[in-house]
Structure formats: C-alpha cells, structure tokens
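First comes one chain, alone, set out as structure tokens in the form predicted on its own.
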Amino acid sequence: MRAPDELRALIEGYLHTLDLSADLGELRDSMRYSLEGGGKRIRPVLCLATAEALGCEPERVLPAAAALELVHSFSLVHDDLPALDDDAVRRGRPSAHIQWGEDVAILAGDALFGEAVRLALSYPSPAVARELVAATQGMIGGQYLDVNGGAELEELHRLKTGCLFVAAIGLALEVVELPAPEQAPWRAFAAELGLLFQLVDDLLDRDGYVLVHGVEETRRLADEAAARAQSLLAGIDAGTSVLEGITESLVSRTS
C-alpha cells in the first residue's frame, strides 16, 4: 500500500503532464496556473487510496482522480471572483482573476470543468462521468445556497463540501466497478469524511459551525464524525489502513 505522500506525488506528476486540449490555445496557461498552484490534493489522494484498498492499481484511477481535482480547481477559480467571495489571494499568490483578469478566469474555470468531463469519459463505463457531474452539480447547488443565505448549515456543507468528498470515493468505486450493493459503507464513510473536513476547517477559521455551535461543540462533532468514519472503515473487508491514516490526519490538521 502506498503512503499518502506517494499518492500525492503520483497525482502531481499526472497533472503536470496532463495534455490539455490544443483548441484552448493560450487559455491553457491560466488553467495550469490555477491547477498547479499547490494544495493538499486530498480529494484525488482519497480516490487513489480507495482504489488501492480495493486491489486496483492507483494508476488506473488517475484520470478520474485528476478530473476531480480539475473540478475542485475550477470551483476555486470561480469562488474567488468579485461576484462571489472576492478573494484576491489563493494559496499565497494572486487569485486567477487578479493574475489574468475576470474574463479569462471565468473561461479558465469553464475549461477546467470541460477537461474534467473529458477525462471522466475516457473510461468504458459512463458511470464515472455521471458520478463526477452529479458531484459538480451538488457542489454548485451548495454555492448557490451560500450566495442566497438562509440555508441550513448541514445541508449547505453537505453539498458545497461533502459532494466532492463522496465523489472522491465514488469515482474509485465506479472505476473498479464495485457492485452497487457493496458501495453503501464506502459512501457513508465518504460522507462522514466530508463532514469531518468541514468541521475542522471551521475550527481553524473560526467560521461556520463554530459561529453556530461554539468551539467545544464543533470539536465534539468533529471527533464524533471521525469515530463514525473509522468505524465504517473497520467494517469494510478491504485494505483500508491508508484511509484510516488519512482520517486521523484530518482530525489533527492545523492548516
């Protein structure tokens, strides 16, 4: 089983050499700027780790894992725009719209999503692309709730954050063609992991759940989500040690 750092190196190498459509011309420069801006790559790493836990070589899942990271990157490009979060800095450097202009940033985000769908469609089964598109629509729906306000916090984060975590696991399940009746515990684990990530994120930022429930209650909720995630993994007959380690690292992360 490969460690998370090895899986991250695998996805970084794949993204670095990814052959973007020639029809996009110089727009590819702004796409790569956003795609190669760093980040933990937690979602594609989870995808690769899930595949390996199921006895599949991670290389087989690389296009799907990369597609998920492209969707995540496109969401960040658009979220940073003045019409949404209006963030001038992303991962320690100018956001895409500051570096390239708002018009180019919008097009770059659109093109990242297009490339993601192209990668998902490279598999024989259309279920891979369906998984990716459904997660993207859910994420966008969550962003819409965030923009308009008034949504229940749990539903907002289930969509805005949780959908891509469920897809991180779900894409691997679809690539290896795990029968649908056997997918339920995996998807339940993914949902708990998405909740855990958001709770810890809010603890670090003193936002979201912390503003509603306070620090101590949010920490308790995070610990409970982690315990449920680990319990679900323990009940799955697969090599889940790497996923167990990732779950533990999410509980204790500091950035």
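Sequential numbering from 1, following the sequence displayed. As the structure is a prediction and not an experimental result, all values here were calculated from the model.
Keep in mind that the form predicted in complex with another copy of the chain is not shown, yet the notes after this line are about it.
For the options Leu107, Leu153, Val176, Ile98, the one in contact with another copy of the chain in the model of the complex, meaning a heavy atom within 4.5 Å, is Leu107. Using a 4.5 Å cutoff between non-hydrogen atoms, Glu57 does not count as a contact of another copy of the chain in the model of the complex.
Although the partner is absent here, Gln137 lies within 4.5 Å of another copy of the chain in the model of the complex, judged by heavy atoms. Another copy of the chain is not shown here, and in the model of the complex it never comes within 4.5 Å of any heavy atom of Phe165. Another copy of the chain in the model of the complex comes within 4.5 Å of no heavy atom belonging to Asp19. Figure note: of the listed segments 165-173, 87-95, 179-187, 125-133, the one touching another copy of the chain in the model of the complex, with heavy atoms no more than 4.5 Å away, is 125-133.
Judged against another copy of the chain in the model of the complex with a 4.5 angstroms heavy atom cut-off, the residues Leu24, Phe113 and Gly141 are in contact without exception.
Contacts of stretch 70-85 with another copy of the chain in the model of the complex, defined by any heavy atom lying within 4.5 Å, are made by Phe74, His78, Leu81, Ala83, Leu84, listed in sequence order.
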